[in-house]
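Next up: just one chain, as structure tokens, the form predicted on its own.
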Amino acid sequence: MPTEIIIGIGLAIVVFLFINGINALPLMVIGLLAYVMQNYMDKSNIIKTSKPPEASKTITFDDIGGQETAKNELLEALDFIKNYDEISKMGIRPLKGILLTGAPGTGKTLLAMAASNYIDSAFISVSGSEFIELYAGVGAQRVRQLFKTARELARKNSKRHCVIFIDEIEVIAGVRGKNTNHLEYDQTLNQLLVEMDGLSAKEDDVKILVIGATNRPDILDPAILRPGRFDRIVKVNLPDKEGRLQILKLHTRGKPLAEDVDLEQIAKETFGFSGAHLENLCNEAAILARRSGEKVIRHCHFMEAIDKVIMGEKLNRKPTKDEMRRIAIHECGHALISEYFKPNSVSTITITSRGEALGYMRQKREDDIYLYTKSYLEAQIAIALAGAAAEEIMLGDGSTGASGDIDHAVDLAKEIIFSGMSEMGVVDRDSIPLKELHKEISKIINNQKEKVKEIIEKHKDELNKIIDYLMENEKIDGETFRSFLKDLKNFKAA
């Protein structure tokens, strides 16, 4: 019955009661509360089933770079669904759920959209937070409606399949029992488990595939991960150098690039960047080009954009001249030791304030490194301590600007100890006495600091020239920095 008719009948009854001298106020309050609750429950049943933006309809796996392993694993699972009649002869059961795990910005949502297009399915995208409300039972009701809506949407669009994509699935699929004062989470997860158990490839005319995405797989309930629910867990890692190059090529399509742009070099400079970071990098480079009045994007714009993505926009605040010189000494100390342990590693040195940093020395890597040796970690400790050591040698004392570097050096020293590479040998990180741990950390750090001071003392003349140049120009690139070093080939042996 339409809402307008119900309201009209209710008003008529209230008027009739008033005419007959009956107090209808309690009835009106009850009716109003009933109307509000019903309206709330109706809204709570609504699951956002809107289709993805127009651009996402054309997203294919060819549009996603740097995730070859994840794409291949996902494609195999999708082929089980796409070619069900053929694979059923081999006794293969199509997968009910695929869980995408990985850092933010690595392309999990894009992979889900591409999967939907690959099997020509309907697509529903929801977030885990959309299921949770104050009132118990609402989340479970929304889960039931989600699967019902998925089947209806597929039939309406004459599709044999429907992909349900649940982003931030850890919100509703976390370990049960952790929210003892709010059972809504557990009820919602229980309903999701029931719905996934009920998916049948043989009986349903619409085949549903649930794709979940999370960057916190460690907090998921074991029940959601068992075979028969999320059958396959696909790791979506940060891209390596080749992957970053692919992503950069994708995001620079259609952009006017100058001839000096070297995407391979940019890929080397962006270790640890996700796909989202790289997309933002290309966008920021284009913005910088437009800001400077250029009609093409030059390599220098990409280099500037890297600093902006990592550190943030340049700040208007300017330290005093004495502080600027201290910052220049600090950053040049980092650069000198970085170049000592790994030639050609310095990319940029700047004393321009960005974000929380007053200055910055950025390194570049020829290759991505995933395993660290003791010598590598010791070199990184030396580089971290070099800024403070340079201040002490050139100015006579240190400053609070080295606090972050010291924290980093301590973490690296702990990694040496807990990996069994220190003089303590193999240790248990949970039972090692704090006094012994502190003693070994101090020993490792002090040894490296002494080495750093010896190197800086030997190259004070070159360092002073670089500092003067940096004070005048505020920024120096790696090649210019290396040109100040005497006899660069024998620099490390000097």
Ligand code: ATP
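Keep in mind it's a predicted model, so treat the numbers as computed, not measured. Numbers for residues come from their place in the sequence shown, where the first is 1.
There is another form of the same protein, the form predicted together with adenosine-5'-triphosphate; it is not shown, and what comes next is about it.
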- Please pick, from Q145, N215, N283, N157, the one residue with any non-hydrogen atom lying within 4.5 angstroms of adenosine-5'-triphosphate in the predicted complex. N215
- Taking 4.5 Å between heavy atoms as the contact cutoff, choose which of L220, L110, M361, L74 touches adenosine-5'-triphosphate in the predicted complex. L110
- D231: touches adenosine-5'-triphosphate in the predicted complex, heavy atom cutoff 4.5 angstroms: no
- Message: Contact with adenosine-5'-triphosphate in the predicted complex for D167, defined as at least one heavy atom pair within 4.5 Å: yes or no?
- Response: yes
- Message: Is G105 part of the interface with adenosine-5'-triphosphate in the predicted complex - any heavy atom within 4.5 Å?
- Response: yes
- Does at least one non-hydrogen atom of G275 fall within 4.5 angstroms of adenosine-5'-triphosphate in the predicted complex? yes
- Choose one stretch from 348-356, 244-252, 86-94, 148-156: the one whose residues place a heavy atom within 4.5 angstroms of adenosine-5'-triphosphate in the predicted complex. 244-252
- Message: Heavy atom within 4.5 Å of adenosine-5'-triphosphate in the predicted complex: which residues of 61-79 meet that condition, in order?
- Response: D63, I64, G65, Q67
